[in-house]
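Shown here is one chain on its own, the form predicted on its own, set out as structure tokens.
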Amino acid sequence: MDKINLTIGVTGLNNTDNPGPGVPVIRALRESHAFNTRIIGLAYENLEPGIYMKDLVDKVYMLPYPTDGTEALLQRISYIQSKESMDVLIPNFDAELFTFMKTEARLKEMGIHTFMPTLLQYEERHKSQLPAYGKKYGMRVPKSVELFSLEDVSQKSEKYDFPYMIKGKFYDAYIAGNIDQAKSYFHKVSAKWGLPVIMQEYITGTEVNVIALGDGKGNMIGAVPMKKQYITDKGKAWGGITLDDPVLLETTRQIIEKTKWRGGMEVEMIRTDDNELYVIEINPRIPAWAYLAVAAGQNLPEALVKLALGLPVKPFTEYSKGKIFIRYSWDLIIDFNDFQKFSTLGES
């Protein structure tokens, strides 16, 4: 079967100590057996390493920040589309998804296909909504409340035993061991990600994650569970191993079936010492460790592109257990003129 030629836009090129999913998603697409891909990188900062990885990206453009609103995004995407004729666009950041979801119909009018969660799916799985989400879909979740001020931190801390978690609404999570730490982390997280900040019960145990893809009709196209082997100070996996764990897969399958999840997702869970499983976060996009799933036999980014285009997709039924990924640092050397060109023109 001949491969289909596609031009695909991909965000999330910040392959740093807090890596975005863009680079592993691009690696997966480059290894597709179904598509020949021309990759258009879409960046928000001029020092995102993926911009300068010329073996992975064919062309890169700067995007306006999500806070600039939908019209600014559409104007920029329209310009890029006039130059590149993208067939599919894959957003990879939580913070940008809302804007892209609101513009999905208008992107389609430009000829750009996407495959993202619905607005309801995106909103109801927010960290601040997790208790209601757990009750609605029959999942065990930690207690959590929203914080809007330092007064909230003081008042609501009385209902929690230390330590507990202080989390940003999009990213970042810190373990607060006392009220002073909690207030400090509240300032840090709210300054970066805005309000509300989330106070969440700290569940002790082993963290396990699942990458998955739902078809929007309740079917799980693929899923691979992973245990973090090495964690950075930002809580990001710097190494992990695929697991043979039917319980994790079944929990994820039930979430996808009950919510009719549409698109990529990451389910973060804690298994306690007495073998109870708590869902602590549901991230509404492909995670940064996506390439581990590809190496284990499930090219979920390729499958997502097929779903976006309405092509038939056969669900994955197997993956390799015991596959390990280990991230490493690599000095990417570029010419200042390339950096200056991108910083000035917003494309390279």
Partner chain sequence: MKIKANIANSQDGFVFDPTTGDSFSLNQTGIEIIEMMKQNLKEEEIKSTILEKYDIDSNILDRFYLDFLSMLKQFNLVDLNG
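Fair warning: this is a prediction, and the values are worked out from it, not measured in the lab. Positions refer to the first chain, counted from 1.
Beyond the structure shown, there is the form predicted together with its partner chain, which is absent from this document and is the topic of what follows.
- Proximity to its partner chain in the model of the complex, taken as heavy atoms within 4.5 Å, picks out 223-231 from the listed stretches 134-142, 223-231, 196-204, 251-259.
- Interface membership of residue 72, defined by any non-hydrogen atom within 4.5 Å of its partner chain in the model of the complex, is ruled out.
- In the model of the complex, its partner chain lies within 4.5 Å of some heavy atom of residue 244.
- Residue contact check for residue 322: one or more of its heavy atoms lie within 4.5 Å of its partner chain in the model of the complex.
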